[in-house]
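Presented as structure tokens, the chain that follows is alone, the form predicted on its own.
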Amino acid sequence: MKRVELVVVGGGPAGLLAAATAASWGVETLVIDENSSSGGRLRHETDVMPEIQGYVGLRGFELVAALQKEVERPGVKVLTEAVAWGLFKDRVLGVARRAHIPSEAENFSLPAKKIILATGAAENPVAFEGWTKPGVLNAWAAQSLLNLYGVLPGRRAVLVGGTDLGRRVAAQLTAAGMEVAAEVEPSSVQAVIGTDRVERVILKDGELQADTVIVAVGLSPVTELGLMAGAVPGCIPQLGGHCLLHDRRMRTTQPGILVAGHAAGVDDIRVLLLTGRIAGLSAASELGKLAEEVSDALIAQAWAEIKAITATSPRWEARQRLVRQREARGDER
């Protein structure tokens, strides 16, 4: 099979902007995404996004539409309902593509000159008695029910965890008519009681009547493909745990494999898009489509924007530490 110049694994906002950026410099680009349409979790987001990369005043789903238009250009193909299940020697991806008729499903090898892992993040679970009971949802699941399917998860919820994501989803549920009775720390939850679904939440210092529990305790980068390929991880708790070490050009320790977005330990949408842009520029430069001095200048500009966004946050120093660890290993491409 012909080796594709660039494969972007993950069609969320970081992956889409990485693909659009690389393709704008003439890189043949293939985006693969496991969902029926690209856009990632932002498809379910109704809040207005911060201004970034020329996108102003757009709600999450509107930003997705704008990014989808960015990749509607010659040289870019988006393959949906395709799961990258393995990453092997010499940058060969194992891909399975679903089909409505099982006999038409595909399983194939996909060799690439460069790969950008924009595989996103997973919500962290919390285990307590009754945590598998119907009515216990993570924040993204609750948001999907509301904004994608127009269904309220219940009538009265308890929010477990005080992350920005959890509070944002709680506000959206409240605006839609659901009561969010309380926000509690995960350590205070003893059990969820109910016969067929949630009825009560037992806390260390009392109990609450509720039919829904929304768990929002943070995200962990999805790094399995990179680890399978031998990319070296670093444990940076402030960035969600184990992240793939990467340099300022978003290159991992494995030659030709880059990382962007949530998979790089990013949670701010502005930084997420900027890392996608950097990875796209880096891939284009390494493929000989973009002069190195031009890519260096554009990447430096993007890092200046990242610093302006995060310089007062512990995440800035944590990200710098991740980069320093990667660069201490040498310039592996």
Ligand SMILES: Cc1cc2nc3c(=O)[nH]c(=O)nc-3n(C[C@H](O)[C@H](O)[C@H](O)COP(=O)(O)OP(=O)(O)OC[C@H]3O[C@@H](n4cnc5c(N)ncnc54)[C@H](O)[C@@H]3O)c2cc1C
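Just so it is clear, the model here is predicted, and its values are computed rather than measured. Heads up: residue numbers just count along the shown sequence, starting at 1.
Another form, the form predicted together with the named molecule, is not on view; read the next lines as being about it.
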property: In the model of the complex, the residue from 178, 112, 165, 159 that sits within 4.5 Å of the named molecule by heavy atoms; result: 165
property: Contact residue in the model of the complex, chosen from 189, 76, 137, 84 - any heavy atom within 4.5 Å of the named molecule; result: 84
property: Close approach of residue 50 to the named molecule in the model of the complex, 4.5 Å, heavy atom; result: yes
property: Interface membership of residue 120, the named molecule in the model of the complex, 4.5 Å heavy atom rule; result: yes
property: is_contact(residue 143, the named molecule) in the model of the complex, heavy atom dist at most 4.5 Å; result: yes
property: 4.5 Å heavy atom contact, residue 62 to the named molecule in the model of the complex; result: no
property: Location of the named molecule contact in the model of the complex, chosen stretch of 300 to 308, 284 to 292, 269 to 277, 22 to 30 [non-hydrogen atom, 4.5 Å]; result: 269 to 277
property: Candidate spot 92, 259 and 296, all three touching the named molecule in the model of the complex (heavy atom, 4.5 Å); result: no
property: Residues in 12 to 27 close to the named molecule in the model of the complex, defined by a heavy atom within 4.5 Å, in order; result: 12, 13, 14, 15
